[in-house]
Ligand SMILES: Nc1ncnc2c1ncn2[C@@H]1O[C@H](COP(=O)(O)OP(=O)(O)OP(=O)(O)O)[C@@H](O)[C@H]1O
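In the block that follows, a single chain appears as structure tokens, in the form predicted alone.
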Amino acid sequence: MTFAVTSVSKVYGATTALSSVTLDLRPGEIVGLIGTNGAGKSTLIKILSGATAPSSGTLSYEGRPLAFGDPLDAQEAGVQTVHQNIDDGVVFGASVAENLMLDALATGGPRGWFLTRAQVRAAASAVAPGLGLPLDAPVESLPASARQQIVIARALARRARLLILDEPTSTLSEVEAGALAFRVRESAAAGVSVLYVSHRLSEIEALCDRVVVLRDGELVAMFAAPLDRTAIVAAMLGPAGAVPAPREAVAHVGREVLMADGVRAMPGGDAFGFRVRAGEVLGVTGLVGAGKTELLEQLGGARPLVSGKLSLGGAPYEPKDPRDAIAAGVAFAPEERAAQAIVPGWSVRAHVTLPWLRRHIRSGLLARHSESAAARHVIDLFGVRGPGPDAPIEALSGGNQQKVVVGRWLAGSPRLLVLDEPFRGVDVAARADIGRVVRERARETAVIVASSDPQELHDLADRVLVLHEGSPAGELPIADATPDRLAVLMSGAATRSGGRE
């Protein structure tokens, strides 16, 4: 009962997105799919899930050819896909229970079209036992991690033959990711073929039986467990690439840029204070719900300050909205790129200059040549791969979109750069590019980076502030911020035992 991809290619005009990819997906096996952004992963997933047709080659199941006209055809053939963009899988305006039961509501279910609210709630509880989510709440009122759990639970509850998970843990805490891994293994043990896409190599290493690597649209390597991480990264980057070298330690720190006293990450949390100086990067971490995003949104003017006082460069800092923050020299790149940082249909040029339009006005008109020069600077600085500054942002891969989202703030020379999960959905090479530029800019400005990945913080930060349930759990210099010590602080174990680092 094997799904087979045989010599599949996909061509868009002059661009070859996939070139003669051949791959078997066997029942009971978890296959990792990795590659840098633009390697062809998304294109392969779209073909397998029925969202697009291959230009050549075939799909088959048990030797029988498959031809998908749309995603419904793929679902009927037993292919269930959880896409990277969380909100593609939920319906805003509907409740959590209704989103868990979308399939039944769309088809009427076994009892016809008239499903009562009680029937929907009962069935939803069966789909996601132990999820602990408010079934009657509007789905849009939940954080991204909870919405992702809904989409994953619905996919796992279906009778899938092939389960495709695209970056399924991108918004999940370590505990939630562990629960997902258990359910994925359960599905594989029941005979389901699993294709698992993740940029987190530790996750791939722990979960997958086999890993296939795409590069420039070609399947260039295949590895069986136990996996050699160094070899995998080398295959991803190619002969000209290399594993990114460890960053250099900060040589010096400059003036105090941000001072926070008596602030709270969220209502109910303990008040605390911290300082950030020019020339250093402060990392902020914690489990989902710990208050990372809430704290950074307060700094960026996207959320009112819960309590306390902020000062910037020695002067009171009281942003009422992001416009105030930008005027004060604070740049904030939010957590959810697609929903919060990108305007669909706008060009790369327009995205780069959006926060700084006044700087590109000549004689009352927006000067396109000035905008284009700013966009080309960001493209060159970050190594953005794409058709050029006038291309729509959607023409870029996720990693290259993220480079634009981060790079546009650096174009304005902010005093404080605040980045919330800047590496989410970003591959090793793009992460290295973003990290390199951020570290270079940190010599001149102060930087705060929130991440749930200890390795990302180790590569970028000088010290790490750990939050637990809205309260500070500890602060560590980066040399002491080992995964084990961070895990203890993030779980709240140190607080419960009466200690705090």
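Start at 1 with the first residue shown and count on from there. Everything numeric here is computed off the predicted structure, so don't read it as measured data.
One more form of this protein exists, namely the form predicted together with the named molecule; it is left out here, but the text below deals with it.
Participant: Quick one: find which of 219-227, 134-142, 184-192, 388-396 has residues within 4.5 Å of the named molecule in the predicted complex by heavy atom distance.
Facilitator: Result of the contact check: 388-396.
Participant: Taking the named molecule in the predicted complex as the reference, which of 471, 49, 42, 452 has a non-hydrogen atom within 4.5 Å?
Facilitator: So the residue touching the named molecule in the predicted complex, by this definition, is 42.
Participant: Taking 4.5 Å between heavy atoms as the contact cutoff, choose which of 486, 25, 21, 17 touches the named molecule in the predicted complex.
Facilitator: Residue within 4.5 Å of the partner: 17.
Participant: Is there a heavy atom of residue 199 no more than 4.5 Å from a heavy atom of the named molecule in the predicted complex?
Facilitator: Yes, residue 199 is a contact residue.
Participant: With heavy atoms only and a cut-off of 4.5 Å, decide whether residue 445 touches the named molecule in the predicted complex.
Facilitator: Residue 445 lies outside the contact set for the named molecule.
Participant: Report whether the minimum heavy atom distance between residue 400 and the named molecule in the predicted complex is within 4.5 Å.
Facilitator: Residue 400: yes, in contact with the named molecule in the predicted complex.
Participant: Given that the named molecule is not shown alongside this chain, does residue 38 nevertheless sit within 4.5 Å of it in the predicted complex, heavy atom to heavy atom?
Facilitator: Yes - in the predicted complex, heavy atoms of residue 38 and the named molecule come within 4.5 Å of each other.
Participant: Let me know which residues along 458-487 have a heavy atom within 4.5 Å of the named molecule in the predicted complex, or say none if there are none.
Facilitator: Nothing in the stretch sits within 4.5 Å of the partner.
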